[in-house]
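Let's start with one chain on its own, the form predicted alone, as structure tokens.
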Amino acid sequence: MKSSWLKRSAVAALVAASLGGFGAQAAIAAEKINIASLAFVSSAPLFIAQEKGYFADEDLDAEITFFQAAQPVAVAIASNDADFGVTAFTGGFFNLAAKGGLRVIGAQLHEDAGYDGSAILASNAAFEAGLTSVDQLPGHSIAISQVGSSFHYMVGNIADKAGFEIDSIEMKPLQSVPNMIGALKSGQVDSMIIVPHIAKPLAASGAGHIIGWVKDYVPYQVGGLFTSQRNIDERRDVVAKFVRAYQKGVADYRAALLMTDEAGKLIESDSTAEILEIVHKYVYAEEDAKTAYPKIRNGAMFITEEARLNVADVAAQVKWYQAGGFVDASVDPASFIDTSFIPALAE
């Protein structure tokens, strides 16, 4: 009888231990998050954080979903189809943010005078017909993704700085970056603006001509890191964990791809090869490393230290979109910018 009781006790203890272990594992299970992004070099800090385990270190089970334009990324966050987003600011983004759906918590890439950013390209046909400089854009067509997009904003500011009216250019909204590229290569549009890891290869292959750089006309905070107000209210700890992982990715990105010598020329660092290998898994993945690495290297646009946001510049963008009727006049940037996770860039 005693032996039987001991056996039952032992089994009970094993079951309890097993259940206890299961409970402990459940308690520390990684929090699932979905990140909306574009497959651009500018999203590299996300790829680095994923591949180097920075998200996992924060007990986050991260999945990255890719889109073809900036606006759908913002919509994915506002509709709770994704938890975090990294992409360019647009008029549609600001309108969504003002309705309470989005909160900007940090910075993505920045057009900076010291680094190559987005290039202004002319198609072969337009170039041969005389479109060889930015001041000759009036009377020509230019591809943009959507009306009110970051491309629209850049065109407007370039026109202002170059001294011509934006209405003197025919803007053609083509809904996605691949469509824009195809239209330029086929001569359906005369020009477009695009990030350097796409612009430089296009020019090098003879598919277009670089006639200017956005940084020379409008250095600005191109994009941001954002989440939903719901995430901040209900999962603030998850947002903080995501930010820490993203910032580690930014630090690695800057160290590997933005290091310069005293003359301002980009140089290799000890981590450059590793980071290029990581980014290659997401950008130009269909090409071999020998072909892809120079494109990725050339496409590394500036990102501020710790992903600090230029709040004043975001406010200036909102004003521009409001002046053009793309953003409601009542929209206040202060209502959707949250600097409690990452301090803003000092003015």
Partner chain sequence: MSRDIEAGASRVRFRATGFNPRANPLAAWGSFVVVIALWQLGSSTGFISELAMPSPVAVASALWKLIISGDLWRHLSASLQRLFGGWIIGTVAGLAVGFLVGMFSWARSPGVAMVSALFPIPKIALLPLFIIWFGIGEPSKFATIAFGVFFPTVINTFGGVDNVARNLIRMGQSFDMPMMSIVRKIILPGALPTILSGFRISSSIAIILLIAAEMIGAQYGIGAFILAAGNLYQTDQLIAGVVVLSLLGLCVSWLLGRLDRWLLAWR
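We call the rigid core the largest set of C-alpha positions that still match within 1.5 Å between the two forms. Numbering follows the first chain given and starts at 1. Note that the coordinates shown come from a computational prediction; the quantities given were computed from them, not determined experimentally.
If you look for the form predicted together with the partner chain, you will not find it shown, but the lines that follow are about it.
In the model of the complex, none of the heavy atoms of residue 80 sits within 4.5 Å of a heavy atom of the partner chain. Put simply, residue 100 is close to the partner chain in the model of the complex: some heavy atom of it is within 4.5 Å. The shortest heavy atom separation between residue 212 and the partner chain in the model of the complex exceeds 4.5 Å. Shown alone here, residue 170 lies within 4.5 Å of the partner chain in the model of the complex, counting heavy atoms only. Against the partner chain in the model of the complex, the set 117, 195 and 296 makes no contact: no member has a heavy atom within 4.5 Å. Of the candidate stretches 68 to 76, 252 to 260, 155 to 163, 213 to 221, only 68 to 76 has residues whose heavy atoms lie within 4.5 Å of the partner chain in the model of the complex. Note on the partner interface in the model of the complex: the residue among 240, 204, 147, 266 having a heavy atom within 4.5 angstroms of the partner chain is 147. Contact annotation: of the candidates 134, 276, 181, 174, the single residue with a non-hydrogen atom within 4.5 angstroms of the partner chain in the model of the complex is 174. The partner is not shown here, but in the model of the complex the stretch 316 to 335 reaches within 4.5 angstroms of the partner chain through a heavy atom at 325, 326, 327, 328. Remark: with the core as the superposition reference, the CA shift of residue 271 between the shown form and the other one stays below 2 Å. Put the two forms on the same core and the Cα of residue 167 is off by 2 Å or more between the shown form and the other one. After superposition on the rigid core, the Cα atom of residue 235 is displaced by less than 2 Å between the shown form and the other one.
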